[in-house]
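As structure tokens, one chain now follows by itself in the form predicted on its own.
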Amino acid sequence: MRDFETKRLKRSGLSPTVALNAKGIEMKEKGIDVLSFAAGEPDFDTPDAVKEAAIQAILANKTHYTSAAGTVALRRAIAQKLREENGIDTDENCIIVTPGAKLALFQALLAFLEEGDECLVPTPAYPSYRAIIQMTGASYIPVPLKIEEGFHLTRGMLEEKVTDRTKMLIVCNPCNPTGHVLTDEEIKDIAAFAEAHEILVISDEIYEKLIYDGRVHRSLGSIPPIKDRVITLNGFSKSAAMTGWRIGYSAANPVLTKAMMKLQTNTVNCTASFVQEASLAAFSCTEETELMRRSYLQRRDLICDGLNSIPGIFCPRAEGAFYAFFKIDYQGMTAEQLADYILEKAGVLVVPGTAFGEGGEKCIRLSFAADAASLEMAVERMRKIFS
């Protein structure tokens, strides 16, 4: 049959984390004993207040189109949150509510990158960054970070990669997959670099509520010299356990927002109306979010202590998000070989670090958004095959 697939899609590929999560589900359905830690999804239920708000919205027939950018009430609530919590000077006219933060990312990349452009991405990084950048025709330029150095990013590293074609930088803070939280020094370096080279910055802050050990989240969009060139991405998936509700948002200056709205109006039109109504309730679920954060912190310590007790494994403590990203020195195996070995011999499904790009060599990502008993079992299974 004739090949109908476009060049833009051939430059990309399927999400490795989504594929591995699907594999874990299929294995369990077949009755195979497998512990799956591939998905980046909270294992908590959506707060009752959010669910009740959705039910009431449906009963009130709030099931029709909304404004393409989102309801005024939700956009105002998001803008208020960004002003008060993140120090971002914005209003409802600068917000686009999207069916998931990933669509907001897609809109930002498709709106501002094209053939010949370059986008810098500190790696290891969320795989969809690479995939979508390549769909646009732009070049994905990795800035490899080292696990031994705590995945610390410096301006010098960025300067080594910049060219006259560099148009954008993507930063994930806290980072999926490494769990690194940007320090004040890193924030200053990124801001100075972006200002000097007049580039756009996408600041992916979907994990901002999940930070540990007294660290403080700081938004790049709050830095005055670059605030008009920062596109902030966020949502409710991680902080309110709303992954399946598919709702996120972008915040940017009016000119950038207007450009992204062209994609919104010509694709999804708007985010589901009753989901938007429900999301308003999520702002009041601070206790539930804090309970999740504390639980993740306990699980982080459990998994990191357990993994570090196994010979040949180095597992830094995640500073944010809910992933253990660790290095294994075992018989010269690559990340892919290690992941296959762990699945075959221990029945534990994890993601090879190289799925997240350069810097992930001989590394594994394991989501600790799972119950303590499963995490303890995973450690003991891995202890048996690596000791």
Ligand code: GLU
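Keep in mind it's a predicted model, so treat the numbers as computed, not measured. We number the residues from 1 along the sequence you see.
Below, we refer to the form predicted together with the ligand, which is not included among the displayed structures.
Looking at Tyr323, you'd find a heavy atom of it within 4.5 angstroms of the ligand in the model of the complex. The ligand is not drawn, but in the model of the complex it has no heavy atom within 4.5 Å of Gly357.
The ligand is not shown here, but in the model of the complex it comes within 4.5 Å of a heavy atom of Val18. At a distance threshold of 4.5 angstroms between non-hydrogen atoms, Phe151 is out of contact with the ligand in the model of the complex.
Look at 56-64, 25-33, 326-334, 38-46: in the model of the complex, residues with non-hydrogen atoms within 4.5 angstroms of the ligand sit in 38-46. This chain lacks the partner; the member of Lys209, Lys227, Lys102, Arg299 within 4.5 angstroms of the ligand in the model of the complex by a non-hydrogen atom is Lys102. None of Gln276, Ser250, Gln264, Asn176 but one reaches within 4.5 angstroms of the ligand in the model of the complex through a heavy atom, and that residue is Asn176. Looking at 214-247, the one residue that comes within 4.5 Å of the ligand in the model of the complex, counting any heavy atom, is Lys238.
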